[in-house]
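Next up: just one chain, as structure tokens, the form predicted alone.
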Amino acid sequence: MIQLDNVNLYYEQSSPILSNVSLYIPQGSFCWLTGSSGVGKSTLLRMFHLEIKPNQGHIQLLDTDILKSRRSTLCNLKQRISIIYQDFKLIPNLTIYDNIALPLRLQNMDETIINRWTNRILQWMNLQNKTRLHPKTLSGGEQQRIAIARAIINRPDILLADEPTNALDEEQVLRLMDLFYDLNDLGCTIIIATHNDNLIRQFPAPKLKLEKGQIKVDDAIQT
């Protein structure tokens, strides 16, 4: 679950991204995050990923108050939240295999399990023949699939995705959405930021619209 109480988020000399916003998203929700370019969707996702803190207000993620918790608690919490960045943010000196396996290694999982899970997802992403290559040698679509694989391999409780379909073809988009639905069926909260109105029409779900420092919420996810 994600809960905001009177949250303000802004940078100096810029319009506020959030202005005294209160919001509750139940665990297991699936919703789109919409809004015009530059409104702050990516920044909002980064806040949910514990990369930045609000200027005022309180945030609870998975029943944890992030402003009152110790650093060790937040480190453990962050392992339960994954993000797919719009610009991928792959580690260039790591192979495809090692990029994808990284979240599991950060959790000190057994290498046998890591190998099994990583190879399984590489095969699903049709990247099994490129495991020892480095990201810069791959196409944008392939890098996007690596970023997606890295985000979902640890089976997160919250998955945040910033324009995850931009570099994918139609067949890959359909497979990705099926995967998102499967994760959601397992209880994962999924928030996808997108400008793609066709995608939203094709896969109807409640919307969070970020506009002028406020978040307009579909009744379908209000409780």
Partner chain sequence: MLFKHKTTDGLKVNLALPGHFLIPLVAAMTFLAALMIAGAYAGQNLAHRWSNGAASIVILQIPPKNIINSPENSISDTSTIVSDNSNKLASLNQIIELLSSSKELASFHKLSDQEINQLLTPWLHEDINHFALSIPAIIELHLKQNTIISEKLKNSLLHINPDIIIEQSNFWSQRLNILANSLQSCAFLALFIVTFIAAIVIAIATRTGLIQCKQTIEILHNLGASDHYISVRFARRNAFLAFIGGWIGSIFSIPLLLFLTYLTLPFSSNPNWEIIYQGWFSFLTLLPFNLLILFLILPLCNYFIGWISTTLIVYYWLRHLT
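Numbering follows the first chain given and starts at 1. Only a predicted model underlies this, so the values are computations on that prediction, with no experimental measurement involved.
Although it is not shown, the form predicted together with its partner chain is what the next lines describe.
Participant: Would 37, 157 and 175 all count as contacting its partner chain in the predicted bound form, using a 4.5 Å heavy atom cut-off?
Facilitator: Looking in the predicted bound form, the three residues 37, 157 and 175 all stay beyond 4.5 Å of its partner chain (heavy atoms).
Participant: So which of 167-175, 61-69, 185-193, 47-55 is the stretch with heavy atoms within 4.5 Å of its partner chain in the predicted bound form?
Facilitator: Looking at the other structure, the answer is 47-55.
Participant: Although its partner chain is absent from this view, report whether residue 135 comes within 4.5 Å of it in the predicted bound form, heavy atoms only.
Facilitator: No, residue 135 sits far enough from its partner chain in the predicted bound form that none of its heavy atoms falls within 4.5 Å.
Participant: I'd like to know whether residue 150 contacts its partner chain in the predicted bound form, with contact meaning heavy atoms within 4.5 angstroms.
Facilitator: Looking in the predicted bound form, residue contacts with its partner chain include residue 150, since a heavy atom lies within 4.5 Å.
Participant: Should residue 85 be counted as a contact of its partner chain in the predicted bound form, where contact means heavy atoms within 4.5 Å?
Facilitator: Residue 85: yes, in contact with its partner chain in the predicted bound form.
Participant: Is residue 139 a contact residue for its partner chain in the predicted bound form, using a 4.5 Å heavy atom cut-off?
Facilitator: Heavy-atom contact with its partner chain at 4.5 Å: absent for residue 139.
Participant: If you look in the predicted bound form, which residues in 81-106 sit within 4.5 Å of its partner chain (heavy atoms)?
Facilitator: 85, 89, 90, 91, 93, 94, 98, 102, 103, 105, 106, in sequence order.
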